[in-house]
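Just the one chain here, the form predicted alone, laid out as structure tokens.
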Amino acid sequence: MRAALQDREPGGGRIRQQQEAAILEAAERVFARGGFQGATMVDIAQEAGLSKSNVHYYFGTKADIYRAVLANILRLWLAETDRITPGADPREALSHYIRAKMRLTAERPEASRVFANEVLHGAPEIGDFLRGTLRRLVAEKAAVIEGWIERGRIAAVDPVHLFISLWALTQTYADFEVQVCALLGRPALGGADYRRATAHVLNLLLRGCGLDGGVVSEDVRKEMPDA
């Protein structure tokens, strides 16, 4: 029935993509607030400005939406590792990934919180992904970094722990925003706060890899504009 309806709708494929994207964006916010258990299909429908039946049309169950939200988050985060290749400049490749992760943290803090909550609960939905696909990707990128180390292009660091540290440093500004705001004396983090944080994380990680830091907050103004 869905396929038949799609065939009758002009631009049905595009409309479907737009509706699914709107539902996933709304669900991301709802899951970030209440976790999987605390969220309902009614909550998601209201957040998306749709009827519950309309949400069910695109996603059969709450679990289907949750898995789609997590898959979308991981796709966004991992796509930014593409520049970490043997022939890349280490400083440029690592800087790009760090900046991208900080930008996503600023733009999509709810995504980070949904992911963190899933992991804190034992990763029931993405455990296989973490142990399989993610582990293989990190091993592949770690091999690239080991090659850089062998050629003297960066300092000797533990490549896997470098990724763990990078994720912890970038995601903490979303996952522990309340604590960060309390320490900075801010009601909420703004563009200037994220620029300063990005410069700090870049300098810390780049220098730890034996690469020149020298990044200041103004260097990331284009990526982190004032709201």
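Note that residue numbering follows the sequence shown and begins at 1. This one's a predicted model, so the numbers in the text were calculated from it and none came from an experiment.
Missing here is the form predicted together with the DNA; even so, the following discussion is about that form.
Heavy atoms of every residue among Q19, A39 and K52 are located within 4.5 Å of the DNA in the predicted bound form. When the DNA is considered in the predicted bound form, H56 lines it closely, a heavy atom lying within 4.5 Å.
Interface residue remark: T61 is counted as part of the site for the DNA in the predicted bound form, having a heavy atom within 4.5 Å. Remark: of stretches 66-74, 185-193, 39-47, 157-165, the one touching the DNA in the predicted bound form is 39-47 (heavy atom within 4.5 Å).
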